[in-house]
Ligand SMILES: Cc1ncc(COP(=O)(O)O)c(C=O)c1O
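For reference, the chain that follows is the form predicted on its own, supplied as structure tokens.
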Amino acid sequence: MSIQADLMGSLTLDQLQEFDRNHHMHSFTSAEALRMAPPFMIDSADGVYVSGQNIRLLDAMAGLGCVNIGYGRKELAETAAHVMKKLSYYHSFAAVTNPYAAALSQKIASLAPAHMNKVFISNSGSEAVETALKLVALYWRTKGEPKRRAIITRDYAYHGSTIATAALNGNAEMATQFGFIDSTTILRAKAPYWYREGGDLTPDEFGIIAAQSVEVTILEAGPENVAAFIGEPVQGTMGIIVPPATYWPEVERICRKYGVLLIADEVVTGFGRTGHWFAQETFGFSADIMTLAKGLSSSYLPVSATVISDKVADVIEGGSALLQHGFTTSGHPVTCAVALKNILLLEEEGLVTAVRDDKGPYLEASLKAALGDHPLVGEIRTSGLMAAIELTKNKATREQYPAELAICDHVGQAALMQGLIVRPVGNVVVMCPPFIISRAEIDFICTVLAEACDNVHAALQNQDE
């Protein structure tokens, strides 16, 4: 296969794969895997499909849960081209701005909860969370309480891949692999993972208990030492852990009781993923700081935002000191323009409402009809267009297969061979499809996954015999 383009010239697929293997360091990929086989080359995408090497795949992951508006939207390409020709770059340091950063900030504030009106624009979810951590520290120092430094995170958390944000993660390898993390200020509370940890409790009973572990953690550390609690409304990366309805209101009550700031990491859930613009509305709570990224531009360009409540902003901006924080491309005019256009399209096409009233309920009902009684499936959980299929060895006891068997990977590979991209996470199959997905495409997802589970379960039964 030859790739003909201005930048590629007449380079062949084999040449490009060799360039990649020799020079491109991949995220979350072992070097051994690339030595054994060349990387799969995606070279085009449209709607809910990605293509490469003459193969077309339905992407039920929307990239990494981020291409909310679907691939190949000409409106976003045209916006980027227009703005890049007019203002390719300028910084936002020292009281300088551009029209697109100003308009995007106002648009985010208009959609955010009414008490959140200040927006710091950066480039990635990790940067948005890092910004939140810095602002929390600045808030407490400015208030004359510098001892409040501890941050409470949770089991199964994912908040980024910088040194600081990785320390918050529930994936131990991410937090320890590089040897930098030795923090006594990161505290951990229970995750609201009812299926694995709820035992005989109802989901609502377990939601209260999981939330109260936050209070236990605060009291053990001393409230005067705790700066903030951070949590994803739905814990996405580690398996689409949808909390019981009782969980988030109780967490907020506890944070208010002890004066602990509440950070909602909505990098995944923001801009409609759970059926509301922000998952705080879905789950009935109110944060002091909110982080946004993936759905902000549908990842057409790298952009993120940290949205700050009036309470926090009033303290931080109450003095005359410079905010000693920023990135070269914070508020980049092209990325801001694309993000703004993306939000306008979500509004104009009613895509967030469609997730809540049509696509999300249809995905949930279809998955449960196709897989709810499958012997390999322990639980199906959804929130809007986030879905997880929890695999189990024993439906009655919820026993998991040993990780080394990689059962979930086998299901994911079987689905891939039928033209479907899903994401294996431990013993959970994860999906976050684009908002433009059709009912017919959801039917295809369910049919393929049912067949994949059938095949893997049959192979397991044959092994036992």
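Only a predicted model underlies this, so the values are computations on that prediction, with no experimental measurement involved. In this text, residue numbers run from 1 along the sequence as written.
Just so it is clear, the following notes concern the form predicted together with the ligand, a form of the same protein that is not shown.
Novice: Just one stretch in 122 to 130, 362 to 370, 190 to 198, 75 to 83 has heavy atoms within 4.5 Å of the ligand in the model of the complex, so which one is it?
Specialist: Residues of 122 to 130 come within 4.5 Å of the partner.
Novice: Within a 4.5 Å heavy atom cut-off, is E232 in contact with the ligand in the model of the complex?
Specialist: Within the cut-off, so yes.
Novice: Flag G160 as yes or no: does it have a non-hydrogen atom within 4.5 angstroms of any non-hydrogen atom of the ligand in the model of the complex?
Specialist: Residue-level check for G160: yes, a contact with the ligand.
Novice: Test of understanding: in the model of the complex, would K294 fall inside 4.5 Å of the ligand by heavy atoms?
Specialist: Yes, K294 is a contact residue.
Novice: If you check in the model of the complex, is D265 within 4.5 Å of the ligand, heavy atoms only?
Specialist: Yes, D265 lies within 4.5 Å of the ligand in the model of the complex.
Novice: Among T237, S330, T382, S105, which has at least one heavy atom within 4.5 Å of the ligand in the model of the complex?
Specialist: By the 4.5 Å criterion, the partner-contacting residue is T237.
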